[in-house]
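So this first bit is one chain, no partners, the form predicted on its own, shown in structure tokens.
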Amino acid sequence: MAKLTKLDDIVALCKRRGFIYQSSEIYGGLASCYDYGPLGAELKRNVRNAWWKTVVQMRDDIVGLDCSILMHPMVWKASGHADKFADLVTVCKKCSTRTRVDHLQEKPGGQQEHTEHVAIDAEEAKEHNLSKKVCPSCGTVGQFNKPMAFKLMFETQMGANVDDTMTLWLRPETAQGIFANFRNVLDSTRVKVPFGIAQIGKSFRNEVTTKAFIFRTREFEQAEIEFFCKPGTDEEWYKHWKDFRFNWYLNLGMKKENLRFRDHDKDELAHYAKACVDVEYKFPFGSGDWQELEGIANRQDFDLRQHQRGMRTMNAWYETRDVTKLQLKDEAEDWIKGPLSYFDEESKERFVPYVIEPSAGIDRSCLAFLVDAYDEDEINGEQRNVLRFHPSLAPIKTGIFPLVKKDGLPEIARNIYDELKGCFACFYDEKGAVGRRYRRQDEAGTPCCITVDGQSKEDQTVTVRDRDSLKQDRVNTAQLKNYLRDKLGL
């Protein structure tokens, strides 16, 4: 129960301090949709920036992309989403609760749930024995309707009138935009295989059930890399990206005991995947607490080959303009020479690259960093809630306080604020006792606070108080920028 209470505490803190709000709250809210408040927007931006800096800015073999949310329907035909992106669901006969079949557990006990979607044929559902499965809502055993496919993509219409209207989908993932631009990137840059393309962006899935605050929502943000490599080197790159991505979380202060790898069993693997592993975090919810934070998959050459097939089918699409009526054309015998293949000038070989895909959720990462940073301690007999964020993720880097609102101290503090805000996210506060101001910034995760006091007028020094150790240093105002850069590692 303590773990559930902890999540409740975090949800309450997020609302109270302006990290995350329920979307459309004044109208009763919209299920599984959330708005990031002032502090949450900064945290989310910092998580994005930390990811981008590590995988794009600091590497020579990755370039960035920002693709449209709306894409040609043939993209989703070629990828398989238009035909098979669905969950198998069933409905309890007693309480009418709809549940994903792979989330049902047997009584007593049960298996660890697998939280990702399985591509199934939307027109047919395999037979499943649900006689020992328990309804998660009412507890009834074995009383379920026949499983059916639940399509996950949101449909929309593009066009000004009936004659030119086209059915499109909001993208369920960002990866396909990268594959569709593979040739464009090759032709317009100097990249050579092995190289990767990175993207951060919104995706949309019409989830059967949502879960645990911002962990699973219908609108979410992904951070994905598609790393293209020569067949035969894929296992080496797969290991590289496993280690690289795991260490990213550790380097941003996440506790190692809360992270682990979980390799997918053979029966979990997508039909195109050679291997897949999840980076799991020990969230304070769920049947076993360990839940997926990021997936790293060896997708082989499936995606580029599928889009080559899609390109060969385009003439048929022009005739019907309905992807549901199309069958992808088989690849020609010389598919390896197709438009999405790669010619290696050094080895004089042509091949369709294999792909290693690290795929992370920005929203899940924000939640994991919030959970990991949350702490409670006691100072002078008073309980303190504190978020021990890594400095690069903290929404506010430093708070700036005049000790009192007189004797010229606010003017000095304001000057310091104006001087620092061009370099750091700062917050000025002169309301209430300074101890309370410290507590407010501790709860926001601010790494350090600057206090201007009477001594500041005499020797131009201020007090810098550390969030975690509570240690206080006297620092000359002329040295504040360098002091904070060193202290925060920014």
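Remember, it's a predicted structure, so these values are computed and weren't measured experimentally. One-based numbering along the sequence shown.
This protein has a second form, the form predicted in complex with glycyl-adenosine-5'-phosphate, left out of what is shown; the following refers to that one.
Participant: Considering only heavy atoms, tell me if residue 220 and glycyl-adenosine-5'-phosphate come within 4.5 Å of each other in the predicted complex.
Facilitator: Taking the distances in the predicted complex, the answer for residue 220 is yes, it comes within 4.5 Å of glycyl-adenosine-5'-phosphate.
Participant: Would residue 282 count as touching glycyl-adenosine-5'-phosphate in the predicted complex under a 4.5 Å heavy atom rule?
Facilitator: Looking in the predicted complex, residue contacts with glycyl-adenosine-5'-phosphate do not include residue 282, since no heavy atom lies within 4.5 Å.
Participant: So in the predicted complex, does residue 394 come within 4.5 Å of glycyl-adenosine-5'-phosphate, heavy atom to heavy atom?
Facilitator: Taking the distances in the predicted complex, the answer for residue 394 is no, it never comes within 4.5 Å of glycyl-adenosine-5'-phosphate.
Participant: Any of the heavy atoms of residue 307 lying within 4.5 Å of glycyl-adenosine-5'-phosphate in the predicted complex?
Facilitator: Because no heavy atom of residue 307 falls inside 4.5 Å of glycyl-adenosine-5'-phosphate in the predicted complex, the answer is no.
Participant: For the chain shown here without its partner, which stretch in 152-160, 184-192, 353-361, 378-386 has non-hydrogen atoms within 4.5 angstroms of glycyl-adenosine-5'-phosphate in the predicted complex?
Facilitator: Stretch 353-361 is the one.
Participant: Which residue, 293, 197, 78, 370, has a heavy atom that falls within 4.5 Å of glycyl-adenosine-5'-phosphate in the predicted complex?
Facilitator: Selected residue: 293.
Participant: Which one, 242, 103, 299, 312, lies within 4.5 Å of glycyl-adenosine-5'-phosphate in the predicted complex by heavy atoms?
Facilitator: By the 4.5 Å heavy-atom cutoff, the listed residue in contact is 299.
Participant: glycyl-adenosine-5'-phosphate in the predicted complex: within 4.5 Å of a heavy atom of each of 407, 414 and 429?
Facilitator: No residue of the spot touches glycyl-adenosine-5'-phosphate in the predicted complex.
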